[in-house]
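Shown next as C-alpha cells: one chain only, the form predicted alone.
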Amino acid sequence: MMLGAPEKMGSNNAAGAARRAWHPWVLMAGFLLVAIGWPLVGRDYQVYLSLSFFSYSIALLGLNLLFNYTGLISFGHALFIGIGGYTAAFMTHKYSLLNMELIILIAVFLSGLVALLIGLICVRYIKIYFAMLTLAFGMLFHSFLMKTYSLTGGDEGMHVMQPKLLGFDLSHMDKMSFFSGPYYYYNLVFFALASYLMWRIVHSHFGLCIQAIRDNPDKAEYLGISIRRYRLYAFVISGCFTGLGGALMAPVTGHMDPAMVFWTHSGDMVFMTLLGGFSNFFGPMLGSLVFIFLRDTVSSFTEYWRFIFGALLAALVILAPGGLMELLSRGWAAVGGLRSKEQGS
C-alpha cells in the first residue's frame, strides 16, 4: 500500500500534467471549429469585424514575444503594422501588384529588416529606456509618413486595392462577400499557422533562452547566452509577426494613413495585451477579440469610449492583474472545486 501510493500520486500528477498540456489546444481546436462555421451563422458585419481580430492577434503574438517572454515592453509597435499596411498600399495602389502572397512576403521582409536596424540600437537598453526608444522610432516613422506627401499621401494616406488570393482574381465579388468569404478563411489560415509557429518558438530552446534572460540576465549570461543577440532575435521575429498582421489588415481597412502608426495605436495594442492577460499565450488573442467587439459596441453609444476603456483597464489591473484569462482560470477552478465537493459528498 505504501509503495502504491507514490505510484498513484505520480500517475495523478502525470494525468494532471497531460490535462494541462492538452487543454489549451483543445480550446484552440474548439475555437477554430467555431471560427470555420462563424461566416455561416454570423452577420456579414460581425464577420467583417472578425478580420481585424485575426490581424491584431497575429500582431499581438509578436508584441507579446517581447513583453511576456523577453521582458521588454514596446510602445511603438504600430510602426510594424504601418510597414505591413503601407507595403500593401504601395504595391496595390502605386504599382498595381495585387498578389497577396507577394505582398505578405515583402511586408514580412521589410518589417524584419527595419526591426533589425532599430533593434541594434533598442536592445542595448531595457525597461523604460527601451519603451521610450521604440516610441521614438514609431513617431519618427509617423513624421516621415506625414512629411513625404508625394510618396505616401501625407495625412490623406493611400488607398489599398482588393488583392488576388492564391492567384485568383475575385474582383467580380462585392466587397462584403469577398471579406466574409474567401478573405475571411484566408486570414483564418494565417492566424492558425502564426499561432502554431509562435507556440513552437516560445517552447523551443530559443524561447527558453529569452525567458531565462527575462528572469535573470546575469545568470543567463553566466550560462553563455548572449543577451543582446537573443533580444535582437526576439525583436526581429516580433517585427515580422506584427508586419504580417499589418499586411493582412490593410485590405480590410482599404486605406492606410499615418494614424495607423501613431502612438495611440501602439497604446491600443498594449491595452489588448493587458486586457486578455500577457502572461498567458492565448491572453492577447482574447484581449483583441474583446477589445474589437466591445469598442464597436461602446463607440456606437458614445464618442468617449476611451474613458470607459480606461476605467475597465484600471479595474482589471486592480482586481485581476492576469487579465481576462485570470478571471476565466478562477471560474474554471471554482467549477472544478464544486465538482470535487459533489463527488466527495
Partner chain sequence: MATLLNILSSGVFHASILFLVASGLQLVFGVQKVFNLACGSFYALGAYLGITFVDVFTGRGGPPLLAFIPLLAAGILLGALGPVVERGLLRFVYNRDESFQLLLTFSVVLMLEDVIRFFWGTYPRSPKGVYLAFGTLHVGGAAIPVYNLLVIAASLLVALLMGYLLEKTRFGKIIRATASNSEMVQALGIRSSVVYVKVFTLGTILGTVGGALVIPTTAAVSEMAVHLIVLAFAVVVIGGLGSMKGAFLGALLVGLLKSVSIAVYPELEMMLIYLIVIGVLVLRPQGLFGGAS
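Predicted model only: the values in this text are computed from it and were never measured. Residue numbers count along the first chain shown, from 1.
The same protein also has a form predicted in complex with the partner chain, omitted here; what follows describes it.
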Thinking of Y125, L133 and F271 as one candidate spot, does the partner chain come within 4.5 Å of a heavy atom in every one of them in the predicted bound form?
yes
Contact test in the predicted bound form: Y69 vs the partner chain, heavy atoms, 4.5 Å:
no
May I ask you to state whether K147 is within 4.5 Å of the partner chain in the predicted bound form, using heavy atom distances?
yes
Taking heavy atoms only, is Y233 within 4.5 angstroms of the partner chain in the predicted bound form?
no
Contact flag, F54 vs the partner chain in the predicted bound form, heavy atom cut 4.5 Å
no
The chain here is shown without the partner chain. Which stretch in 211-219, 249-257, 72-80, 171-179 comes within 4.5 angstroms of it in the predicted bound form, by heavy atom distance?
72-80
Select from the listed residues Y185, Y196, F206, Y129 the one whose heavy atoms reach within 4.5 Å of the partner chain in the predicted bound form.
Y129
Quick one: from Y45, W38, F293, F307, grab the residue that has a heavy atom within 4.5 Å of the partner chain in the predicted bound form.
F307
